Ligand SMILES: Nc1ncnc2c1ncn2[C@@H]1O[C@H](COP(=O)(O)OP(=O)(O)OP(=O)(O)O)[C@@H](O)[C@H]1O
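Take a look at this single chain, the form predicted alone, given in structure tokens.
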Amino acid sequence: MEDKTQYIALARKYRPQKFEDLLGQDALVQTLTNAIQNNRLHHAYILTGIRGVGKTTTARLIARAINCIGEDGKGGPTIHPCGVCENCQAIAADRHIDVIELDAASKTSVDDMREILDGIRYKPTNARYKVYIIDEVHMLSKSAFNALLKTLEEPPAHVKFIFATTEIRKVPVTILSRCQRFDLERLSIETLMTLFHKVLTAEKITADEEALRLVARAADGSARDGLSMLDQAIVLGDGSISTTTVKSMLGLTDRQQTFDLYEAILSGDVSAALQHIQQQYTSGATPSVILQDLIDITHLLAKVKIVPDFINDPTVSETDRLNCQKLNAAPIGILSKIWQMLIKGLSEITYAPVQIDALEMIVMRIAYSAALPSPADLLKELKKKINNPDA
């Protein structure tokens, strides 16, 4: 019997239980809604996207949707599973005999696949459809894919396949052509923020807005990663989440300090730049994160330079907005040069014996270079002297 006092991770506790809970996947939900309403269910689906974006969760929701029989036991496939009938409850609890979930990472051989396919010819015991959910399907061997191919060509009417993968390019084209493909989108920072607010409200936990934004940025589009980091931040903060706690947890820099460092680099003030680096390093920021933040700021400044309206985008924090306005005078040519040198610095810092020393050398090189005139400026100056030698 399950211990009721056992803590359940946020990513598991708040896993979507209905299609309406799926964040940022409107196209997928609309397609499935139309397919179910028009009785045009495909025999095989393949879900692709980054880790933690909801592929396996979506597969389970599809299995529930096509097998739900309603509270009265007389319902058909529906985009709104009741969650009450025997099929819905059994699938949600991962114990339905007709919904077989497999991990292709541990079942890669052709013998494993044949063992699975042997049961396909038998009709489902309790459900409407026998559903095979194969996670990380790209890890199947070539012979296993070949064994699966024949069944996908002529599947029994009572069988549905749902594949999930993070590496869609590794799945043979012959398999892809027989599946209906859904690309689950990477979640935006704003979408993740909405999720975090919902979860923290339910958990009755307070959090700084900037702290949640930092977690959302670090999650890189993954709901599971974001909630896992949120879990860690709650424990570290002893029930509340502060910006300082999150920065310490993630080894992040202070955003304003990084902008101050960037300003020193642009002005060619090497001494001030090195001082800013030491301050951040002493505060616990890792050299690689400082470098990545400098890259991020370079991209932000360049984008605002080319698309001025982007400065009002909701994903741009107030700190970033004010600093972009302050550093707006930086020419796009200088920003492009800094970008190239920072990207080159990524490989240098990775292989350097002492990362902080490597970061200082990279910043020194960029600061001296940024203060130098660009080739275009030198050419203009040369033309002036040629046209006006007495000046």
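Position 1 is the first residue in the sequence shown; the rest follow in order. Nothing here was measured: the structure is a model prediction, and the numbers come from that model.
What follows is about the form predicted in complex with this ligand, which we do not show.
- Annotated contacts: Ile36, Glu153 and Gln180 are all free of this ligand in the predicted complex [non-hydrogen atom within 4.5 angstroms].
- Heavy atoms of Val53 reach within 4.5 Å of this ligand in the predicted complex, making it an interface residue.
- Though the partner is left out of this view, Leu140 does not reach within 4.5 Å of this ligand in the predicted complex, counting heavy atoms only.
- In the predicted complex, no heavy atom of Lys305 sits within 4.5 Å of this ligand.
- Contact annotation for Thr57: at least one heavy atom lies within 4.5 Å of this ligand in the predicted complex.
- This chain appears without its partner; in the predicted complex, the one residue of Leu187, Ile265, Leu230, Ile162 with a heavy atom within 4.5 Å of this ligand is Leu187.
- A heavy atom within 4.5 Å of this ligand in the predicted complex is found for exactly one of Ile133, Ala273, Ala223, Leu301: Ala223.
- From the list 342 to 350, 23 to 31, 64 to 72, 360 to 368, the contact stretch for this ligand in the predicted complex under a 4.5 Å heavy atom rule is 23 to 31.
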